[in-house]
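As structure tokens, one chain now follows by itself in the form predicted on its own.
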């Protein structure tokens, strides 16, 4: 596939980056090696998304449940995250990318926050693309937190119970500040969503790729977007006739 539709790009793409450990295991390498190669795949994907003109990209980097992994693996992941942020700082700032992070960020170690927080602040005014890292993130946990915030508002008399609507819940979810995901990609051959962007997934298109995340490259991203562009999104309504297509070379 060497063409995609210029007028039918997904605005917000989420990616469940799965397969680092298996990539390493089949090569007889420690899992940390797979995570390191996965960081290189992140770099390739962010560059491709920015060049293509995607408005928002959310990467599922570390789930709330991942804290239960072996301590040495978690430590390696945190150091890789710190190194990634340091290494990509200049490219993020120079290319107009706004870095965002969602999840239980208070659980992240100080070595990560010391790099993450300043870069989020420095890139806040960038508007070419929003790159969101889901860190210590869980979709169920995010929904529960949103419900708690609305319950507090009702208890304090700031809003009425009837004001607790789907839109009110949506507004409480940091992961959806860039809008609902239009397309969610999962690598690694698994067919599940693993607690990712649960509230926003209501009408998202899903694409499951067999490639392990360290091997994910530009052509895999374009294939997922081509798959998305070949679908008719009806949002519960009756489908209509296809619109005219303008294509751009990639």
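Note that this is a predicted model, so its numbers are computed, not measured. Numbering follows the first chain given and starts at 1.
Absent from the display: the form predicted together with a small molecule. The rest refers to it.
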Original post:
Among 168-176, 80-88, 150-158, 112-120, which stretch has residues with heavy atoms no more than 4.5 Å from the small molecule in the predicted bound form?
Top reply: 80-88
**OP:** Consider residue 195 of the chain shown here, and say whether it contacts the small molecule in the predicted bound form, taking contact as heavy atoms within 4.5 Å.
**Re:** no
Original post:
Does the 4.5 Å heavy atom contact test between residue 19 and the small molecule in the predicted bound form come out positive?
Top reply: yes
Original post:
Does the small molecule come within 4.5 Å of any heavy atom of residue 216 in the predicted bound form?
Top reply: no
Original post:
So, in the predicted bound form, is residue 31 in contact with the small molecule at a 4.5 angstroms heavy atom limit?
Top reply: yes
**OP:** Find the only residue in 57, 61, 185, 225 having a heavy atom within 4.5 Å of the small molecule in the predicted bound form.
**Re:** 61
Subject >> in the predicted bound form, the one of 204, 48, 209, 39 near the small molecule [non-hydrogen atom within 4.5 angstroms] >> reply: 39
